[in-house]
Each structure stands twice: as structure tokens, then as C-alpha cells.
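Before any questions on binding or motion, here is one chain by itself as C-alpha cells, the form predicted on its own.
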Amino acid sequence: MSVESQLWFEEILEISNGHTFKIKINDVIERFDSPFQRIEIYDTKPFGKMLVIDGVIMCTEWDEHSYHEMIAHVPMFTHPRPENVLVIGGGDGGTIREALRHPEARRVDICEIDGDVVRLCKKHLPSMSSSFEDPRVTLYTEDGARFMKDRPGTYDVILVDSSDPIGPAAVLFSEEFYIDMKNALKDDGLIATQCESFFYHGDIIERITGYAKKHFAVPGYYYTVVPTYPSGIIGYCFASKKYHPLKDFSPERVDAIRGRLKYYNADLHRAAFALPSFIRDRIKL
């Protein structure tokens, strides 16, 4: 929720331990209620512009690179030729921006259920949303789960840049959705999906990585550091039909775009799969 009279934004976390996150804001740039959710964009004092959906921080200009670079480059540098890419969610444009840095990417489809997120991010967050103008990108404003059912064997890489498993994003955390992603991939395809913080959401991570172990040859879980997210940590479920994120990783390919990146590098790619004992022992990957 926001306290406009004092020009503060306060995110009330879903955990029940009395923890909130409060940010000084300069202005409320936009507030819009779409058919799906409330979309807000703030100008903040410490983090630049900030996108908020249903009271939850999606990204800020200050640290979005550490999230978007890791969701995209870990899987795309694992696959030897990621020509056909699908992004589910990701209406701010940051994930497709990173996918487009790969010279192998010939086609990047993005399926975002809420077109108003795209519209407002194009208006206010051009550092991410300018990627929509690339001729390789096709935007679909429809349900991602239904979208994939109609496209079997189509994609090399699928990236799910979703919000938390509530509201319209809840279906993206179901076993059926992971089966649909597997079917939409080519025979050697792979995925990476937003999969919460291991400090707060071990039950969700255990369930999702369970789907990956059940339905994919190579399951995995890795993480990144994002200061404006709960606990400062957020992870991704990795699942592949063939390629291993460490054994099949080609670090020499990173050199082609290394100077354009702020967070990701070859060392972080490898290190991101090294998990704390408490979550490693729980998910058994």
C-alpha cells in the first residue's frame, strides 16, 4: 500500500512475521486498474522508477538488471542455439531485452495477459520496454497457458517472468503448466521460470522443482540478488530436456555481449547453482 500524504510506498509482505519494506517516493507517476490487476508506477528517491502490481514491487530501474539478466542469460547460454524464444509474462520488457542480446535469437514471442502493463511500461519505462520495438519480437496479449497448448514443439527456450502465484499468475505455478511448457519445447529445449525466494518460499520451490524433476531430464534451481525483492534473493527453476546448465555451458559465448551487461557473467552463471544447505537438502537437486 502507499501512504501518499507522506510520499512513502510500503510493501506488506505475504509472510506473517511483521516484515515490511518501505521506500521514499517523489511522485506517483501512474495508477491504473486493468481488468486483471492494479498497476502503479512510482518515481522513487533511491531506486528511480518502480513498477508495482497489486501492491507488490515488480522491478525498479536501479536493480532490474540483476533479475532480467539472470532469468535470460543462464538458460540462453546453456542452449547452443536459442533461435526461437518465448517469454511468458514480462510485460515490462526487461526479459525480452536480454534475450535479444543473443545473436542466435531470430524470433522472440512474448505472451503477456495484461496489455495495460505493456502499454504503461512503454510510456514510462523505456530502458526496458524499448525492446518491444525490435522486429524479432511479436507480442501476444492472451493467457500464456492456453497460448502454449496450441504451439507444440515450437520453442528452444521458454522464460516465465511472472509475478507471485496469486491472481492471474497462479496458473503459471501448476504442474499442468510445466507439462504444457515441455510440450511447447523442441526436443532439446529448456526453460527458466521465476521461482521465489528460498528464505521465504521453500514450500513453493520444493513443489515446482518437483515438477521439473518429474517431467524434465535435467532439473535445476539457481538464484540471483535483487535488493528490492523480499529477502533480497529470488530464484529460478531451470528445467531442460537435454542440456545441463553447467556441463553444457559455453562461457566463450559470453564474451560477445559481456560489455553490455551489468550483473551476469560466466562466473556468476556457475555460482548461481550453488545453494545453501537448507534449501539444497530440501529440494534434493
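So that there is no doubt, residue numbering starts at 1 and follows the sequence shown. Since this is a predicted model, take the numbers as computed values, not measurements.
Keep in mind that the form predicted in complex with spermidine (SPD) is missing from the display, and what follows is about it.
194 is the sole member of 84, 194, 78, 129 with a non-hydrogen atom within 4.5 Å of spermidine (SPD) in the predicted bound form. A heavy atom within 4.5 Å of spermidine (SPD) in the predicted bound form is found for exactly one of 234, 218, 50, 39: 234.
Proximity to spermidine (SPD) in the predicted bound form, taken as heavy atoms within 4.5 Å, picks out 56-64 from the listed stretches 241-249, 56-64, 254-262, 26-34. Using a 4.5 angstroms threshold between heavy atoms, residue 161 counts as touching spermidine (SPD) in the predicted bound form. Among heavy atoms of residue 92, some come within 4.5 Å of spermidine (SPD) in the predicted bound form. In the predicted bound form, no heavy atom of residue 223 sits within 4.5 Å of spermidine (SPD). Contacts with spermidine (SPD) in the predicted bound form, taken as any heavy atom within 4.5 Å, map within 199-230 to 229, 230.
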